[in-house]
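Below, in structure tokens: the form predicted alone, a single chain.
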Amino acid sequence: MSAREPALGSRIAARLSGGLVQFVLVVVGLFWLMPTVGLLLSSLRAPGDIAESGWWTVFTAPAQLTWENYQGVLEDGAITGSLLSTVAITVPATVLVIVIGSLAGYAFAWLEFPGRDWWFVLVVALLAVPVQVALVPVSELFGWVGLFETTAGVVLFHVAFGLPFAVFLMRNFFAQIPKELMEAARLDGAGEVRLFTRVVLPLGGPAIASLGIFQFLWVWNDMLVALVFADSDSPPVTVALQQQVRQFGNNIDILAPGAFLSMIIPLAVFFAFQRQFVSGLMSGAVK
């Protein structure tokens, strides 16, 4: 039986790597991309064409495609200003979570201090706290300290709720660094700061890239926190697009190009760090 098992496993692996599986994966990928393609083509059609027919009609009538919608969006100060507001919120919230999460993850992984394991259990428990629970008390706190409807308040909220996952991820990744490597660096006279910056951070690049992508996407696509805490005069793009919805219909000539533009930056960030993202996800599979 043991001699037949490898042969059976080899046959199954060979069949799974065949052309049929690859064809199925291509079909699934095309279906997955269909909403994005539909949004892009809709954003390139005039409002009258959108009202009369579906986006797939551009394949038989390519003359429908026009850049007028994008020109209108770029000339709309509310949309362009909301994109800048989103960048002003997302970049600091991502950088702060990476920096603080990396420092805390290193401390939990390699520093000895009283109650370290219990503190880490508390951090993990915070992962289960839903955002909705904190909206009312944090609103009252921000109103008392003057951070309500400010960019700084939105950034602080995202940092606070992003840190538990960041600490959990970075601690688990840093803990996999060989102990012999850390001890050798200490024997060479490296202090904790130099050890963290010269040894741990370079090895933690894949995990940092994964954390950055997760945090960036969460903050960029957030709408609930932005609706509650963001400045109504300079809302992020998710809120600005929601405000474009009319009472008796959708302002599709603004919503479609605006939504597609809001997708470009997250997609660019993801594909720019795709290799590091995959390495970070796979780093915990083997040790």
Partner chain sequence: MADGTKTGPAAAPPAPARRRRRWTPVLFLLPALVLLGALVVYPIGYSVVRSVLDKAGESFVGVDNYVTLFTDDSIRTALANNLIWVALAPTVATALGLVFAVLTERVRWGTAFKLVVFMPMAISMLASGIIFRLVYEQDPDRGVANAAWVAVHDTFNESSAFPKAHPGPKSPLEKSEGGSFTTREPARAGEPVLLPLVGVAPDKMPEDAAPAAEAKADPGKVTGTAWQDFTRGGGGTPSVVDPEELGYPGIRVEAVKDGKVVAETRAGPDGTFALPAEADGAQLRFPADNFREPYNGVDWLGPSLVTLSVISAYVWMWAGFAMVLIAAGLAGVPRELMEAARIDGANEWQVFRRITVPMLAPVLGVVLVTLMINVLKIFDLIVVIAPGSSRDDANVLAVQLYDSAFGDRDLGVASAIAVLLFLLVMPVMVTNVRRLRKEARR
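Here the rigid core means the biggest group of C-alpha atoms that line up within 1.5 Å when the two forms are laid on top of each other. Bear in mind the structure is a predicted one, so any value in this text is a computation, not a measurement. Residue numbers count along the first chain shown, from 1.
From this point on, the text means the form predicted together with its partner chain, which you will not see here.
Partner contacts here mean any heavy atom within 4.5 Å of its partner chain in the predicted complex, and among 67 to 75, 204 to 212, 80 to 88, 163 to 171 they occur only in 163 to 171. Its partner chain is not drawn, but in the predicted complex it has a heavy atom within 4.5 Å of Glu112. Within 4.5 Å of any heavy atom of its partner chain in the predicted complex lies no heavy atom of Asp231. Contact between Pro62 and its partner chain in the predicted complex is not found at the 4.5 Å heavy atom cutoff. The shortest heavy atom separation between Asp188 and its partner chain in the predicted complex exceeds 4.5 Å. Of the residues in 132 to 169, those that come within 4.5 Å of its partner chain in the predicted complex through at least one heavy atom are, in sequence order, Gln132, Val133, Ala134, Leu135, Val136, Pro137, Val138, Ser139, Glu140, Leu141, Phe142, Trp144, Leu156, Phe157, Val159, Ala160, Phe161, Leu163, Pro164, Phe168.
Phe196 is among the residues whose C-alpha shifts by 2 Å or more between the shown form and the other one once the rigid core is aligned. With the core held fixed, Asn221 shows a CA shift below 2 Å between the shown form and the other one. Core-superposed comparison between the shown form and the other one: the CA of Leu65 stays below a 2 Å shift.
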